[in-house]
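Quick setup: one chain, the form predicted alone, written in structure tokens, and binding and motion questions come after.
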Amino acid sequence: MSKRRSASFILVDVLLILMILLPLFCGMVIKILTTPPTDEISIAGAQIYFIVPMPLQDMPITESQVNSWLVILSLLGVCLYLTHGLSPTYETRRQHFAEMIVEATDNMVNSNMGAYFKAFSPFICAIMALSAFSSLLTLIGLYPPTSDLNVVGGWALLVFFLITYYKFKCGPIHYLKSFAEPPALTPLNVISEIATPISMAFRHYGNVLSGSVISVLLAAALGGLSVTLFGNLPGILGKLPQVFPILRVGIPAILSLYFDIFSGCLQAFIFAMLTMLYVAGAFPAEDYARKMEKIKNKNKKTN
């Protein structure tokens, strides 16, 4: 591949950039068309777009589900864009950036989970990206799926299934015995097993939702304070704070740097770290190695 990019290469790049931006733009359009106009600031959950009749229970299609799929499509576009034009001879800046992400994720997985779980790197990277980008949707006025307990609870259940799968690596008897180590703490071990996905879901959901609630309450308070301080000014100056709350300019944006950007990315990192620690900690590596050694020796005797 020559250093000069062809027209077809540039065209594909443009299409991939559109693939990244178009889902977000569609989400903003849907938000504008489905949200009724109001002068008040309200705190509510995800909006229900429509309900699909089901045999046992009707399934609502909500803002959280739609925005989650929009984020997934945008992330797919990001992955395709970063990997477009990969070459062992001519490395671009995007290739360096993609390699940096892969190397950082591999190092994090190896240091926290060990070499046995090296194949977990794509999964961990996907969790962090999906969580972080979902929380960052608030920057463009969309409802973040991480503020919905159903979405984060689904992620936590997926991690719980992985934990249980690796605990079963040495068989169901070994899994049941792990609850009785020591026997006196069996009830607490069972409760701890059940509490794992609950704590992961509520920790992530609570931190993201609390930031959104605090931001909305602060914006409402600043609007009221603007009217209180400047509403008694003569003429048009007194009416201006009702139309354009002066104190809302700048201060919410500064707090957004923490609640929307730093806190959202931090919770994504924490969720990924807990996933790695729980899954790696659930795997009985020594017992599994002994089991594999016994099977190997048994096969040798049989042959």
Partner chain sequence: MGNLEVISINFWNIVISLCNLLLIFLIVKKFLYAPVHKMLAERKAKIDGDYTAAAKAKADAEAQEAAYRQKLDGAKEEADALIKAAVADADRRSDEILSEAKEKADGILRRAETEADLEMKKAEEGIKTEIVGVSAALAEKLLGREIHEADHRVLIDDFLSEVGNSDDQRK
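Here the structure is a predicted model, which means the values were calculated and not measured. Positions refer to the first chain, counted from 1.
This protein has a second form, the form predicted together with its partner chain, left out of what is shown; the following refers to that one.
With the partner omitted here, the residue from 221, 139, 190, 80 that has a non-hydrogen atom within 4.5 angstroms of its partner chain in the predicted complex is 80. Screening 227, 170, 130, 163 for any heavy atom within 4.5 Å of its partner chain in the predicted complex leaves a single hit, 130. Within this chain, residue 88 lines the site of its partner chain in the predicted complex, having a heavy atom no more than 4.5 Å away. Proximity of residue 252 to its partner chain in the predicted complex: non-hydrogen atoms within 4.5 Å are absent; the residue sits far from the partner.
Remark: residue 54 counts among the residues lining its partner chain in the predicted complex, judged by a heavy atom distance of 4.5 Å or less. At a distance threshold of 4.5 angstroms between non-hydrogen atoms, residue 30 is out of contact with its partner chain in the predicted complex. Contact annotation for 147-168: residues with any non-hydrogen atom within 4.5 angstroms of its partner chain in the predicted complex are 148, 149, 150, 151, 153, 154, 155, 157, 158, 161, listed in sequence order.
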